[in-house]
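Taking the form predicted alone, here's one chain by itself in structure tokens.
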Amino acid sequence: MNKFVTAFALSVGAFSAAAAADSWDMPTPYGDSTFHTVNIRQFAQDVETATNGALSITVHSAGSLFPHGEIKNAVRSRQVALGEFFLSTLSNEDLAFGIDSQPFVATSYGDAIKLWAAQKPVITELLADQDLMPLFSVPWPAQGLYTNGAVETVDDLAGLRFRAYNAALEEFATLAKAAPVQVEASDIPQAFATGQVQAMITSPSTGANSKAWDFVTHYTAIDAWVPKNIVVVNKRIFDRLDANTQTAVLTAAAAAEARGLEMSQAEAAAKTQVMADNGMTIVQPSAELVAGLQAIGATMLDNWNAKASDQAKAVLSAYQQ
């Protein structure tokens, strides 16, 4: 990853030794072993190095400073300068935020890159209305299905208590005749242990980090969607930085986005192997299951179109062209 370090590095001489140091707090929802957090800690180090310590960023991982659902508003209200969150959790504000979590719209990294290119201008405009500015976005690996026992058709999901982490997954579970239950990533093991949930769709990263083999037997690689996290900064706080420091932050952010994509791609293969090495059965979905899942996805996209704003529809149109 040295190429990304050299890509953003600025000469120390660009910053005045007399400049007052600034310190930012940065809450994130995920633990230190999650590749998103590893990438963000590198981003923070990159900024401090490039600014010769004029700007330091303290990362507060695993929801230790603010719970996941409060991070965006903490940045908006300037309680902290910047933070990370799962982008589609803002779908209740505008469906443009959640198109990456619509099943079978974008199912590969190539799709995810193309979708973000279509999504970013609209997301930037929507966030600007809240004094927020996106710095970078990093996709998770494609989402797979975790169950006890093999799932051959969508009907096998009926009646199961199904972990949901956003509105789209709640709708998905309901259409599959399962019962959606909101559970944060850090609470997954306990939720399965207590019977609060019985199945979930999530990435190999979250599956391996939560030691899914302790509570489920099968991982089905349905590659349902490729959601992403976003890092945003409060625009007023960012605007107070001098021009050189702003450049350092933006250049480090671009490096983090590129590095994060590479980390995600490596993570998908590595964490799937970790699950296999720990005894989980890794399977490809049956044709019947794929057909059933795609039918749910089509219904969800129809519902999405019926409720979407013009801005959200513009994202989908640009992506599909």
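For every residue, the number given is its place in the sequence shown, counted from 1. Bear in mind the structure is a predicted one, so any value in this text is a computation, not a measurement.
Omitted here: the form predicted together with a small molecule. The next part is about that form.
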{"query": "Partner-proximal stretch of 234-242, 90-98, 115-123, 197-205 relative to the small molecule in the model of the complex, 4.5 angstroms, heavy atom", "finding": "197-205"}
{"query": "Sole residue of 140, 162, 136, 172 within 4.5 Å of the small molecule in the model of the complex, by heavy atom", "finding": "140"}
{"query": "Proximity of residue 192 to the small molecule in the model of the complex, heavy atoms at 4.5 Å", "finding": "no"}
{"query": "is_contact(residue 185, the small molecule) in the model of the complex, heavy atom dist at most 4.5 Å", "finding": "yes"}
{"query": "is_contact(residue 219, the small molecule) in the model of the complex, heavy atom dist at most 4.5 Å", "finding": "no"}
{"query": "4.5 Å heavy atom contact, residue 86 and the small molecule in the model of the complex", "finding": "yes"}
